[in-house]
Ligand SMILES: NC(=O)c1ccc[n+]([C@@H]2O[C@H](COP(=O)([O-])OP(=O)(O)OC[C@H]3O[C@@H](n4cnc5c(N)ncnc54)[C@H](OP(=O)(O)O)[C@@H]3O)[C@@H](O)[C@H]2O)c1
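What follows is one chain in structure tokens, specifically the form predicted on its own.
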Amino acid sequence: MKDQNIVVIGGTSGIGLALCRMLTESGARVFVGSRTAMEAEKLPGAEYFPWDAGQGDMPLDTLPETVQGLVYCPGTIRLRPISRLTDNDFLEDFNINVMGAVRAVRSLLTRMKKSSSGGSVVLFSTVAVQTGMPFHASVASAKGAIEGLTRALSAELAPRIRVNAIAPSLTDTPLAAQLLSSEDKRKAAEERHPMKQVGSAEQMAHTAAYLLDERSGWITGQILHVDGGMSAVRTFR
């Protein structure tokens, strides 16, 4: 990915930050969009631009005219019984997870089409779309829309632009800090997974980097389940 222009939305913490580190180390030019800069400004080879994905189209004045890759990382974990979820909760989750991704793709589409090598879009879903889990009604609904969006855009934008999504299970990031805030919680989370561990930001970032790379050039319209076996494996002892 050397010398490619990659835009990472939400690249200031967690999976996004781990991905930005990998991309800059590989020689890519990385443009990090987020509400706050946090650690992004410390990354050599990365340029930060402020953007709240929930509030309108992306500002383009500091971005290159040609973009090869887009990764949309922002997400939510609002885990409550449906009796305690309001209409506004569902709308907020949909706005951040889905409409933010739509705005990002729409903003960069013309610039991605200019790339002679084509482009790659990477979105994020969740294991909870394909595997029903209690208290996930709002986030699973929003991420289910991301999976539909992934398939629709992959068909619409082929063959110039590939679109794929990653569906993680619980990953050790600041967004999930409350779910891993004690040794007991972490151990219980690990035991729920066939691989007996929770995911790391680096594992998810490696998958995103692969989907951006030309080595994945025959992959589009796919939902990659990077979830420690949660969605597909049952262990019986």
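We number the residues from 1 along the sequence you see. Bear in mind that the values here come from a model prediction, so they are computed numbers and not experimental data.
Just so it is clear, the following notes concern the form predicted together with this ligand, a form of the same protein that is not shown.
Of the residues given (13, 222, 216, 24), 13 alone sits with a heavy atom within 4.5 Å of this ligand in the predicted complex. In terms of contact with this ligand in the predicted complex, the residue from 45, 194, 54, 64 that brings a heavy atom within 4.5 Å is 54. Here the chain stands alone, but in the predicted complex its contact with this ligand, taken as any heavy atom within 4.5 Å, falls in 173-181 among 56-64, 205-213, 173-181, 186-194. The shortest heavy atom separation between residue 124 and this ligand in the predicted complex is within 4.5 Å. In the predicted complex, this ligand sits within 4.5 Å of a heavy atom belonging to residue 76. In the predicted complex, residue 98 stays away from this ligand, with no heavy atom inside 4.5 Å.
Using a 4.5 angstroms threshold between heavy atoms, residue 168 counts as touching this ligand in the predicted complex.
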